[in-house]
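Encoded as structure tokens, the following chain is the form predicted on its own, with no partner shown.
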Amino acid sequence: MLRNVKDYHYPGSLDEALSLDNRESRSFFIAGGTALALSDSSRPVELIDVSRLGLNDLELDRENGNLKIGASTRIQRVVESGAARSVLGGFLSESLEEIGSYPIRNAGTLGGSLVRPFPWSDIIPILSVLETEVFYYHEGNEKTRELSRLYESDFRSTLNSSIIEGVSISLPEEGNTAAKFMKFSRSEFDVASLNLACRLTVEGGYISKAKLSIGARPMTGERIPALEDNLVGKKLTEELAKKSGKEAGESAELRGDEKLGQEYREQLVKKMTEEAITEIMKEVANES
């Protein structure tokens, strides 16, 4: 818990919030506060509370084919939302329900999870395999960026001087599309030692689109483009699932830490990738 908050601001607009942001005085944007609650720093800080800026919308727009979620929206609200349950047969809400405990989900916000992503974040892999656009406010304008490109090194300075307003998730296109999320942790409420999300679109038994994201590597979640490209155009079979698991373990950037060794993570990635693709295959077959 932060022990030396010298100022706490409630800005009335996005422009005012950005004007209050001062890195020299160690200012931080806050909505749910779960990320900063983990800090034990005793250095003076200023907090800029954006929870009153109306960034808590949760709206299903079927006409335009997307689900919009405001940055201040609590994660538990998304879990309980009927609109969220419509995304890939409940993939979004069911996956988010695996994050921590109810109190954590009821305090943590979607935007906070994106602007300060922990390496073990479950949200990054989950949203990375969906068609997710991030809306952010920068220098007086609203801009967008595909979520998987949000943490590119050349964009970090821009993100640091911006406010994330929310995300827009496109609903699945035509064809059989399914997704799976998996995590490995020491207990039900412990943070992930490894997590993985996979999404496939299958047409006529062949994969037309593929996304795979691995997190808690122990680095922040990241997609595996080489494997995704290799999956496209292939017939969805158990043999392909096994082969893809092996490829994922070899191509993903993995390291060891105090929780898991590198070799053990590689074995987990292989098994979890194979299992995710196999489960998607069964789901798609049942829907056909």
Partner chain sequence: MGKNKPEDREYDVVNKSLTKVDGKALVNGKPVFAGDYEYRDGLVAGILSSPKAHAEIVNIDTSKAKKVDGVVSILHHGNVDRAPHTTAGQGYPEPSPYDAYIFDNRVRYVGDRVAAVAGESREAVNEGLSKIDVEYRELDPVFDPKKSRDTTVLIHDEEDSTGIYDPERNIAANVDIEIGDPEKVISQSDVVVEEKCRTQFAQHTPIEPHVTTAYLDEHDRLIVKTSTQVPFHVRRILAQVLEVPISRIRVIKPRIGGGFGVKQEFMLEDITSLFALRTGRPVTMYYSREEEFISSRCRHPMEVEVTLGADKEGKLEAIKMKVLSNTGAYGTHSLTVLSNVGSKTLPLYNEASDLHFFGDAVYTNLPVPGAYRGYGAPQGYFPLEFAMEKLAEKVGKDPIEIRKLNHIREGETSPIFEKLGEGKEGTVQYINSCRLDECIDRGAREIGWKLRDEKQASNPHRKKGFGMAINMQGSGIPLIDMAAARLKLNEDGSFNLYVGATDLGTGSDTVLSQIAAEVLGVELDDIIVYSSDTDFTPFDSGAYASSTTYVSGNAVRKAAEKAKDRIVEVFAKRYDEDPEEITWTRGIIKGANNERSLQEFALSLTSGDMETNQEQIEVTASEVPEESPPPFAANFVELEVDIRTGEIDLQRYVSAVDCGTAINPNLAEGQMEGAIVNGIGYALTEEMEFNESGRMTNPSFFNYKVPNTEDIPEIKVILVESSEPTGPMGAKSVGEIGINGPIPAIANAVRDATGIELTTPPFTPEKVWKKMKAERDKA
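Model, not experiment: these values are computed from the prediction. Numbering follows the first chain given and starts at 1.
If you look for the form predicted in complex with its partner chain, you will not find it shown, but the lines that follow are about it.
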item: Segment assignment from 208-216, 188-196, 136-144, 153-161: heavy atom within 4.5 Å of its partner chain in the predicted complex; value: 188-196
item: Partner proximity in the predicted complex: L260 to its partner chain, non-hydrogen atom cutoff 4.5 Å; value: yes
item: Exercise: D15 in contact with its partner chain in the predicted complex, heavy atom 4.5 Å; value: no
item: Contact label in the predicted complex: F91 to its partner chain, heavy atom within 4.5 Å; value: no
item: Exercise: E275 in contact with its partner chain in the predicted complex, heavy atom 4.5 Å; value: yes
